[in-house]
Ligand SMILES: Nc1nc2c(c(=O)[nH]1)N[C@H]1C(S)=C(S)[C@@H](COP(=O)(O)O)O[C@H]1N2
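Form predicted alone, single chain, as structure tokens, below.
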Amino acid sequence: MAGMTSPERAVAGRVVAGLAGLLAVAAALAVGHLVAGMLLATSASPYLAVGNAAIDRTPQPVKEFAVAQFGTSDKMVLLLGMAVVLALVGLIAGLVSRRRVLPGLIVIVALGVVGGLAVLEQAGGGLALLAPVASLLVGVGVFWWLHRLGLRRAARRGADDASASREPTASAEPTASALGRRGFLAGSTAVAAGAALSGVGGTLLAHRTDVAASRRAVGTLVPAVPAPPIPPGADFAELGTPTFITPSPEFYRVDVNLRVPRLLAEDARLRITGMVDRELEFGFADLRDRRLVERTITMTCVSNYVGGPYVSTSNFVGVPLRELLDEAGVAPGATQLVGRTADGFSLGTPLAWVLPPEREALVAIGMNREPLLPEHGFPIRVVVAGLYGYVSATKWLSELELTTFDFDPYWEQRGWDNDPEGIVRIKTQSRIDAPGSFEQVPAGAVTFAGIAWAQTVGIATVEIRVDGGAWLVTELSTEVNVNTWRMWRATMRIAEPGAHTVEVRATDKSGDTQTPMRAAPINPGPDGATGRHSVTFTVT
């Protein structure tokens, strides 16, 4: 066409260029996710692998901030934040390539390399690398194609402008710029649709492992040694405390997984290795057929802040950990029990803590007489009473290795101390559940209620005071065992309208009373939060 600007000399519009980069990044990530789903390896998805790598490298203060601000939604916030950042990178890749394709291709290739390195770190080599390779090839191919369409659109638009300046006559035929717009629109729509289908397909393929059917096949777990029944008066749920037993779906969840591992009971294997007389291996059926015991245990996360929600209680069903270790034979010199998960995570537990007969440490396969939920470790996990989860609660368990403290598990590799002399023990804490923060209550008799816990020691007393006045001893609920939380309640007459503040403190059976000194859960190491919980409410 006479006067038409060649694509090599054309300049793509900002919107077109930015959209080309954005869609190229979206297509690359979606195809990588699709291939990972086909491989049944979510850790091979470049998007999720980069997210997991980001979690591994996030400074602890930032992690604490995320947990405090977003709770269990912190991972969703991370994924959304990554999506925004990647979208901006895609836009930039397009905008710097309005004339030439090379600058944007460099950006796309750089993203692909980062994704590949993340997959290599998170999932290892082998077939897992197919996902980032496919992602890189699609990203480069889509960007090059859309960039060419964008330049052709700009070239035809230039031709129309030149023609209009020479022959300003109307024509029923579509202009060159209209054809260019249609070509780019059709191409970008096809890419967007393909990216959407690939992303959804990858998610569906990753979930084709029928975990629900595997859990149903396990059935109800009836322990040979059941836990004592929960006595009447064990909670004050009618006043606002939790129920004594936490329903399994409501049990708190804190871990580093962006996606919950989807494992089948029939495929599960637990190996006991390391400093043992004989290495052992158990299938899920082997564990289920053993003498199962039930233990009522309250678990607490080290990230739980004063008054926080990361504490729950369940009837765990499983095999006493000590029995399995005795069968393997603990070699002299072993000091640490390292639990490894099916996805390569590791936690270290002081061996001296789990070996005494009075310790209620379990290789658990159930909660509340049902198989574990996937988010809580199905098919197999470890539960150790009295220790924070980061040194005890290995979910999706595949191996128990007996070793020494010379080996640093996941959190210790990131600077967390693993002091077997006490730093990992759960601290005595208490919480106010009623009235709620800023709740309005009528003048007169005001009822207060909450929970306290001091696992392995037990709660002796809980006291409250209002507006810094005298401490009042509260009424405690019926004690279930020293490894569980205990509810408390009290009633005080408050006639003066306006804002008031109630404060709580607990004393355990060893005589230790909560300190008023506030400390963050991880400050700088994982020591557990200290301080007294308080709530401000309004009397009307």
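In this text, all values refer to a predicted model and were calculated from it rather than measured experimentally. Residue numbers run from 1 along the displayed sequence.
Only in words, not in the display: the form predicted in complex with this ligand, which the text now covers.
- A single residue from the set Ala352, Val109, Leu129, Val256 has any heavy atom within 4.5 angstroms of this ligand in the predicted bound form; that residue is Val256.
- Though this ligand is absent from this view, in the predicted bound form it lies within 4.5 Å of a heavy atom of just one residue from Gln429, Thr394, Gln336, Gln455, which is Thr394.
- Heavy atoms of Phe251 reach within 4.5 Å of this ligand in the predicted bound form, making it an interface residue.
- Taking the partner from elsewhere, Arg381 is found to have a heavy atom lying within 4.5 Å of this ligand in the predicted bound form.
- This ligand in the predicted bound form is not approached by Gly202, whose heavy atoms all lie more than 4.5 angstroms from it.
- Though the partner is left out of this view, Gln122 does not reach within 4.5 Å of this ligand in the predicted bound form, counting heavy atoms only.
- In summary, the region of this chain contacting this ligand in the predicted bound form, judged by heavy atoms within 4.5 Å and restricted to 272-280, 232-240, 218-226, 343-351, corresponds to 343-351.
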